[in-house]
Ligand SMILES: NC(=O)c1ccc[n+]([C@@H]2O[C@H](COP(=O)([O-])OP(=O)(O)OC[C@H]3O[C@@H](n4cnc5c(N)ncnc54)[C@H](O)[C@@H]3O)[C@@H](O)[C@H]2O)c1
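Heads up, the chain below is alone and in the form predicted alone; it's given as structure tokens.
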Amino acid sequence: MVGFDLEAGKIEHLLGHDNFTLHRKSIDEAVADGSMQEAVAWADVVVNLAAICNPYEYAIRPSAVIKSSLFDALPIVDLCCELNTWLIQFSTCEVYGRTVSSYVPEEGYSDPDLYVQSESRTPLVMGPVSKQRWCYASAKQTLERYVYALGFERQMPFTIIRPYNFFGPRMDFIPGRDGTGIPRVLACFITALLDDEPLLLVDGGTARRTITSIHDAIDAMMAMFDRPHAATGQIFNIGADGNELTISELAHRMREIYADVSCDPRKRNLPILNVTGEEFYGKGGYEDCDRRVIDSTNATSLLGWSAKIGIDEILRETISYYYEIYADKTAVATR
């Protein structure tokens, strides 16, 4: 296995493996020196994960997000097309944007056809350009269309994955420990719990998410490797059908589980406060997906895959990991 990345903090435990080589290079550097062409020609399959995936970055650095999620990934796609190498392109469930239900509130969510997300039927509804929250989703959608177009015009073998909120160990940075800035929601809540700070809910935490274990996600990838003919030319929603909850519910559940993991009942009383999108993300034009309800029929029927791990098990494993890694560092910093 060959990888390309400028950072290796999350995979340091793999760097000495005999079957893994990591090139500490950007895509541009690797294309310029020919090492990317060599790797793509050698590979049976290329998994392309290049992107900046963080809502805070969408608000403060939208041009960098678009460049990373679209233009930086294009050389990989073009090489796979040129060399006829199977490409597995990671997209995002954010390409669905807002549900149709959110625009017809009088209907509520009574009609699943207006909010359940199907790869082949559901429209992709982005907000206005002034709401820069959509820069990531729009870039990913454009890249999907380009990949699909090359499959149609030049028979490039491809698979597109739309992940639904993969949670697990190592998934994000913790500010002040191994990164700076504002991470995604899971790490924001973990940081607050570590530091005895309030958990902040953007716009009341009413947005709903479907949470998926990284272990189930890896099983889905393995199913694709095992069934390349079934996976090629397809778009797959990868997520756990029953694991939907609001961000507010996520905060409350994480607070309870953290109290159990840390054996510190005081954590159950940490405040959970509401803030506006502008207060949290700045004036970059924040707007959120209202709901992400997955239809995973495609993955089940073609790959024989379905998610198996429930929300509480996912959160307990993830919180335990962060507690074991960072709790002592927090205590030292506090002292």
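All figures in this text were calculated on a predicted structure; none of them were measured in a lab. Residue indices: 1-based, along the sequence shown.
Just so you know, the form predicted together with this ligand exists too; it's not on screen, but the next bit is about it.
Taking non-hydrogen atoms only, residue 151 never approaches this ligand to within 4.5 angstroms in the model of the complex. Contact check for residue 163: a non-hydrogen atom falls within 4.5 Å of this ligand in the model of the complex. With a 4.5 Å cutoff on heavy atoms, residue 17 does not count as touching this ligand in the model of the complex; it lies far away.
In the model of the complex, this ligand sits beyond 4.5 Å of every heavy atom of residue 258. Checking 305 to 313, 38 to 46, 66 to 74, 275 to 283 against this ligand in the model of the complex, the stretch whose residues place heavy atoms within 4.5 Å of it is 66 to 74.
Taken together, the three residues 188, 196 and 267 lack any non-hydrogen atom within 4.5 angstroms of this ligand in the model of the complex. When you look in the model of the complex, the only residue of 109, 146, 86, 90 with a non-hydrogen atom within 4.5 Å of this ligand is 90. If you take 35 to 58 and check each residue for a heavy atom within 4.5 Å of this ligand in the model of the complex, you get 49, 50, 51, 52, 53, in sequence order.
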